[in-house]
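What follows is a single chain, given as structure tokens, in the form predicted on its own.
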């Protein structure tokens, strides 16, 4: 009987113009940020760019529409496209203070419970909710997969899965690391109930109660809650709003203290949005490996980059098995599915497997099946491209509104990816006061005080851009700006006449 070869479905390649218009939009965007196109400046006409670049008129129009949707340019009828009168390049990054702390027990901010409740309250404007809005998620494809499951398949999917995870999902996750991390196989991956379980398993594998863990300052407040529950001490390391943890400060802390492990988020850090340069990542891994200190990395947001290339995780530089990489689909696919994973490396693989089996035994079989089918169908990368584009527009629009409505001394760094903005308020304005006043007006934010084990970030708030920009969000940001303006400590301070330091 002749062997019939099964034809392999060829991947869908986006039209060439899809890349061309994004490249052109990115080039113009860079010139806007650098000031080559100042606020209010008229951009070249579509026809003049057509003659200059030899790109099609439709490609140039798409590029301008992309910039318009991001809030960077405005179209004027019969006149052309103009740079927004509010200048993004005038936004200054928060001031970076090189101040680290000795090991201390975790002492959560009193407002933490209120903040956690507020960010999940559907009645509040979600400027504090970091979970992706359902409007940005691939609801229809996931629903189709669920409908396609047969009765006989459902019987199997209602039983336990292997403790380390569904083999096909682990294979699909391993495929996602191609070109980013070399040599990752399904056996290297353990599926977890979200990224937080992965981080918890990693901490349990490398520490004991009373040990010291080096963390970024500020950090994800959920990490502080977890570290407190595990009875661990924390040494806060100064962290730059744009480049991440300060390696010189970390080295000093390692010299002074007995640090058992590090917990860092090198790509689009929560809450700063910082992206650690690749050279720093390599230096960090080499520094910790030389001291035999494991590093747990939260890599949950690395897929949400706005430019190129994909940021590499610390694991890509790991030669001694000292990096435990944790991630999930919560930021990219569906937070409610609670599907994450850990790549622990050869040193800790067996221990993580035992911990996973002993603590939660397994992860939802049905959820793993749905996500593995979605990944294998080829729709994930298309979804990610759309999601990145949406987040970039949302983040830029939000930053522009903050620039427009907040007092002049507000400082804000524009991240290169993710969905978070870390806002330094004018001198004397307390983020907790802003949080409470905003809550009273139906707006959820995150005060900087809950993102640290010290009192150094009372002058900050975090704003999430995980929901599509809308008139409701625009109005909420305008209200926030008015709240901040009203909290200036000295008379005469306002957007028009700001206080001087």
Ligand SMILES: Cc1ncc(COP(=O)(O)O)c(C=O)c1O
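Positions refer to the first chain, counted from 1. Here the structure is a predicted model, which means the values were calculated and not measured.
Only in words, not in the display: the form predicted together with this ligand, which the text now covers.
Comment: 194 to 202 is the region of 103 to 111, 251 to 259, 75 to 83, 194 to 202 lying near this ligand in the model of the complex, near meaning a non-hydrogen atom within 4.5 Å.
Although the partner is absent here, residue 283 lies well away from this ligand in the model of the complex, with no heavy atom inside 4.5 Å.
Not displayed here, this ligand is kept clear of residue 394 by more than 4.5 Å at the level of heavy atoms in the model of the complex. Using a 4.5 Å cutoff between non-hydrogen atoms, residue 338 counts as a contact of this ligand in the model of the complex.
Although the partner is absent here, residue 265 sits close enough that one of its heavy atoms falls within 4.5 Å of this ligand in the model of the complex. This chain is displayed alone, yet in the model of the complex one of 130, 424, 372, 332 has a heavy atom within 4.5 Å of this ligand; that residue is 130. Of the listed positions (363, 239, 325, 270), a single one reaches within 4.5 angstroms of this ligand by any non-hydrogen atom in the model of the complex, namely 270. Although this ligand is omitted here, in the model of the complex none of 21, 23 and 49 has a heavy atom within 4.5 Å of it. Residues of 286 to 302 placing a heavy atom within 4.5 Å of this ligand in the model of the complex, in sequence order: 298, 300.
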